[in-house]
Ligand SMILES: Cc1cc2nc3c(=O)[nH]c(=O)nc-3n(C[C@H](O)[C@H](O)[C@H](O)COP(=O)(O)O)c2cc1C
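Shown next as structure tokens: one chain only, the form predicted alone.
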């Protein structure tokens, strides 16, 4: 199923392929993680463990759709429901005993701003046989109310302190999982690196309110108050394909600022193409959650097959050749040409005559498109090359050509 072509080194570890389960429901216990290991995943980050187990509200997942298609999901679920000892004495030994030898297991831990908690948890998990430790300073809901999670991850001083504290408790590779809920990710990443992080994971979920049930004026997902009758909700963490643009932006910014620090990319990876995108902006490994929750562990087979065929077609021999390949082409707005070097052109045989581009260009563009004999026609003199027509064209019937 896997190939040496997909092997990658990361923070002193060797992965047979770059794909891990992220710290989330698919990695909630030994049974789930072992199922993933047996179908070909390169590794897993266990659901975050803290000093006290979590009790979650019901319901706790909400969906964002365009038509009937799922594009995003919100959750108000927190950390592992099981005591720390269940992981250290039962589940981790079971996983290490029964998973393939080349399956990488990463412990995820969370504590308060006090350094001692991070050091203690890191020491404890270092003795279980896990291959690395990831510290969670990025959960955007629930945890900040307890001065944990993103409460820490939004403060460079705290990030550096808890990273150094966790590093003190382990000789294993230490990953720091970053939050996108900040104005500038670079100072946060810098603090983690300064504190001793061996690698960075990005991104955790985006703080969100997924929607409102307009019939009852109730925010989603619908949970309940302490009396178990009043329907309430709270802000949650947004994930899925819709967050991928934010994930790509954050990973690329970190990769540009800290080229020597390995990055584990997270956020909306659901196909071999989205996986390659993350590699090309600087990720070396890739963590996946939502796609597994929607499609199951076996999605890894499709992703690995697609990536392998892509690499063969393009002549890439190793994953290393993909890492950061797009970074030199990401520049500043100031460095871009402001004159339109391209205009749109309709690929006649693909045009369905739907008129979406005509409407969009008339009301949101430059009135440069009209229909002629059932096919869209673009006036090159009026076209500004903005790209709106291609955005609304479901038939991929628009291309861009140079004006000269």
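Positions refer to the first chain, counted from 1. On a predicted model such as this, the values are computed, not experimentally measured, just so you know.
Omitted from view is the form predicted together with the named molecule, to which the following refers.
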Touches the named molecule in the model of the complex: residue 284 (any heavy atom, 4.5 Å): no
Distance check, residue 156 to the named molecule in the model of the complex, heavy atom within 4.5 Å: no
Contact label in the model of the complex: residue 79 to the named molecule, heavy atom within 4.5 Å: yes
Distance check, residue 268 to the named molecule in the model of the complex, heavy atom within 4.5 Å: yes
Residue among 327, 212, 293, 222 with a heavy atom within 4.5 Å of the named molecule in the model of the complex: 293
The named molecule: the contacting residue among 204, 264, 163, 111 in the model of the complex [heavy atom, 4.5 Å]: 204
Candidate spot 17, 199 and 255, all three touching the named molecule in the model of the complex (heavy atom, 4.5 Å): no
Interface stretch in the model of the complex with the named molecule - options 240 to 248, 144 to 152, 310 to 318, 85 to 93, non-hydrogen atom within 4.5 Å: 240 to 248
Heavy atom within 4.5 Å of the named molecule in the model of the complex - qualifying residues of 40 to 74: 47, 48, 61, 73
